[in-house]
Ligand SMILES: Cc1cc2nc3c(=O)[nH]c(=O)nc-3n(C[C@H](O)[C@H](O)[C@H](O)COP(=O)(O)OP(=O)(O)OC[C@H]3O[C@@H](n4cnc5c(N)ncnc54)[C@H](O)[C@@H]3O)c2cc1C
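Consider the single chain below, provided in structure tokens and representing the form predicted alone.
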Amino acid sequence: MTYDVAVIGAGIVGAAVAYRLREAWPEARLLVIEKEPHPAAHQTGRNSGVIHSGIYYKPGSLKATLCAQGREELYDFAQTWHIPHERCGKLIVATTPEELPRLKALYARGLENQIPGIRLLSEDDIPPYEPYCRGVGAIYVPVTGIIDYRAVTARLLEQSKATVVFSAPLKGLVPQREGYLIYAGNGSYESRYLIACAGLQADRVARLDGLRPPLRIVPFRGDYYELRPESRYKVRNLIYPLPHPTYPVLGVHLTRMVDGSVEAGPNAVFAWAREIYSRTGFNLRDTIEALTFKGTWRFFFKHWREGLMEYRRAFSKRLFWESLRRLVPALQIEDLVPARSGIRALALTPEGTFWDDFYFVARERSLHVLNAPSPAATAALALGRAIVQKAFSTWNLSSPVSTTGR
């Protein structure tokens, strides 16, 4: 069989692309190829499970636009398919007077991004939302939520009615006159067009397609702790610090999950492997590729103080706890137990700058999602639509898919 479109990657972005392809091209023969034995194996299944509001993003950016669209579409999708979720709201907290100007600037950005219902809170306003949280001010963001992204991904794949091949690592892409010959796992597949949503492997898949992408994926690991069941009452919903002004992290935060557990984290440290999740995990190829890229070293030089602090916190439960106590002083170090880890695909330029928006590269019959940072999971349904529209435009195919969203 020759497929019409092959999607590389069965994370939430690949699944959303397959879902939107089915809407746009109902009769299409769709193929999804995934190297792991199940969907959502890496970034999708190892993130915080948060539905983001879009408050952080530069107004008018693709991230801000797609997050706002995708957030509401995701809530609707979860409601339709009875996927565990909750629109619970969160606090972004300033813990010192010196942080208040940044808090007010973030609130102004939220207003510019038209985030529904946000409120600027005083110190005395915080306890009614989070009784154990302390700060000098906060932003309440009511549209933030929590969800099971693994369940969303599985449902998107099911509704795409695509042929899904698991345990099939990509080995080669051979352009042909009218498409691609794709070698994956122990098989080969023919497809007229290709969309790659490969996450942590995005730059490598692009190179397999003969492209020389300007960005390099450099892995950063995030570690989590979990609150003991008897301590969960100290966190009602979501409590975040102000994001770091230059380092690309939101800071360790507290998140109630859909199963009732409460996670703390993640930090963000350079990882010595793209898909090994232990603190000492190491992969020679991943390490060489990261450390022979000049952008990595330039990033390290720019952010060495923050990076050093993150590494110290990664190996010190006490430092991790002290960061959390700034938000919730009632937390005790005994409340924290080690939990899972995740790895984020940080896309760096040769100048050592992280690319803070979605990024695509295209060929005549392929489109590569080279960077899909947070809020890619929140925005997945809107992002999937945008990717399909861009692909159809690149390939000169007419598309009946909506350009307006909901």
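A quick note: this is a predicted structure, and the numbers were derived from the prediction, not measured. Numbering starts at 1 and follows the sequence shown.
Just so you know, the form predicted together with the ligand exists too; it's not on screen, but the next bit is about it.
Mapping the unseen interface onto this chain, F299 falls outside it, with no heavy atom inside 4.5 Å of the ligand in the predicted complex. At the 4.5 Å threshold, heavy atoms of G54 stay clear of the ligand in the predicted complex, well away from it. The closest non-hydrogen atom of A382 lies beyond 4.5 Å of the ligand in the predicted complex. For the chain shown alone, Q201 is a contact residue for the ligand in the predicted complex, at least one non-hydrogen atom being within 4.5 angstroms.
Exactly one of the stretches 58 to 66, 360 to 368, 22 to 30, 335 to 343 approaches the ligand in the predicted complex with heavy atoms within 4.5 Å, and it is 335 to 343. The partner is not shown here, and in the predicted complex the stretch 65 to 86 never reaches within 4.5 angstroms of the ligand through any heavy atom.
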